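In the block that follows, a single chain appears as structure tokens, in the form predicted alone.
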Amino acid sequence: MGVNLTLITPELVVTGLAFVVMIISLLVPKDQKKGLAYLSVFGLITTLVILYLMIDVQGTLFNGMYVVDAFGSFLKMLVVLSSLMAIIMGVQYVEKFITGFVGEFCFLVLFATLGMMTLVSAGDFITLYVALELMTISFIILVGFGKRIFRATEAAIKYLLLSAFSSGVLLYGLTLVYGAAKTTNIDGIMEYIAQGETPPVLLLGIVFLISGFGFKVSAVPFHMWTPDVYEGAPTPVTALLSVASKGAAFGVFMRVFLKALPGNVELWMPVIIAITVLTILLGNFVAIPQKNIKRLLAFSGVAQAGYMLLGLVAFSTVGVSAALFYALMYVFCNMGAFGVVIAFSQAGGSDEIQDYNGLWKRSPFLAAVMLVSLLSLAGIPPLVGFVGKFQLFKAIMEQGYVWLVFVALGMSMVSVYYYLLVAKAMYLKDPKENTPIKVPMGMQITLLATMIITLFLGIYPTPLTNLATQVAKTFF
């Protein structure tokens, strides 16, 4: 039987694009590599269009090792969109701080994108692990990419060591599950569990799986790497790492637990609930005393991971739909915030929150984008973050977790406090200097788009809600 390669057209486009950019970057002089960024952007836009057209396409490849469905296509769009914005916003940054390495930055982002796209469509543990390593290795290089950037090397070493440890834990978990079910295929594992057998080795494997995936999504207590890596990495890499890798890892987390392990839900759900509560609590409380904007956004990201896990806790079509909506919303809000951080650092500013004093006087546009992004992350209406949290809270309330709604709602109020500390610095304090900040055109367009979409989807979320609901039916 032949292989229907049209099912993996987006992956083939990204693969070809990555190799073309890599080869050309080796041949052209350092000062002529900026065109590779335009080529990468064009290729990613093409991939995004193809993915949207394939949202209803379903099929499997290689005896079920690779699954093409609406769930995977949705998360691939999230990943590609994040990579697209990271390249657009990161080109000027790379040119300034990592002179002559634009081509290398682009093809590393493309290879990381390929890994993440493959990860969310993995129908087999072998595919899952290979894709995870492709993503992780690409990000390790990107994190340490800025040899002239303070603490980049330290961040890369920490990420390398902890990633290796977490990958080992995850691999051990995959091995234990395989040992129990005698198959690496996700559907095969579901069929085995449906027989009613739950040996101790399977339970131990599930514990290791939760630990491995918890690291990838920055869930407590596996979040230790997040603040140091976010602070030390080049900011465009931090932006991509905070949304795309988290979205891809969250996607495979849900695929494995909702597709392969629903028969044991009563065993692993209490653990997921405990991790979710700890993640929301610690992420929000530890963000309060942070003085560095990237560390603040790192702990904010930890808390946001907890909110996304609420979709898994809900264990229903409504819950998965709400989680997917929230994940895509998070892309625009977080990329908007990090885009401002990138533009500010390019203008000579540091990452300390006190240096954002009076930002509205130096750049009203950047201050407005940052304010809208942070308020949306906090869940303030009429922004899209409010709709996302409302849907998540509604989903878990329908499952009877009323107390969890109050915990999440209370922590949302806490997040308003530390987000407003940044707003206070931007709008109520005087700047150290009054030099206007010039924002590159590509950056302006991207940031304006994130702000408009954040406002539009908050007022009219129906199209995205309907799409997310359609995608969530993959599992239920």
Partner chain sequence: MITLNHYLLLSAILFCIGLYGALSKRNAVAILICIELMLNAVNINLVAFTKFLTPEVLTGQIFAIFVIVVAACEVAVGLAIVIAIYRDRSSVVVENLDWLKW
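Bear in mind the structure is a predicted one, so any value in this text is a computation, not a measurement. Numbering follows the first chain given and starts at 1.
The same protein also exists as the form predicted together with the partner chain; that form is not shown, yet it is the one meant from here on.
Only one of Y401, F386, F97, F208 comes within 4.5 Å of the partner chain in the model of the complex through a heavy atom, and that residue is F208.
Residue-level contacts in the model of the complex: of Q290, N264, N357, S316, one residue has a heavy atom within 4.5 Å of the partner chain, and it is Q290. Contact with the partner chain in the model of the complex, defined as a heavy atom within 4.5 Å, is made by none of D351, V407 and P431. The partner chain is not shown here, but in the model of the complex it comes within 4.5 Å of a heavy atom of R295. Within 4.5 Å of some heavy atom of the partner chain in the model of the complex lies at least one heavy atom of K182.
Using a 4.5 angstroms threshold between heavy atoms, S345 stays clear of the partner chain in the model of the complex. Contact check for A194: no non-hydrogen atom falls within 4.5 Å of the partner chain in the model of the complex. Annotated contact segment (heavy atom within 4.5 Å of the partner chain in the model of the complex): 165-173, selected among 165-173, 265-273, 84-92, 316-324. Taking the partner chain as positioned in the model of the complex, the residues of 108-137 that bring a heavy atom within 4.5 Å of it are, in sequence order, F125, I126, Y129, V130, E133, I137.
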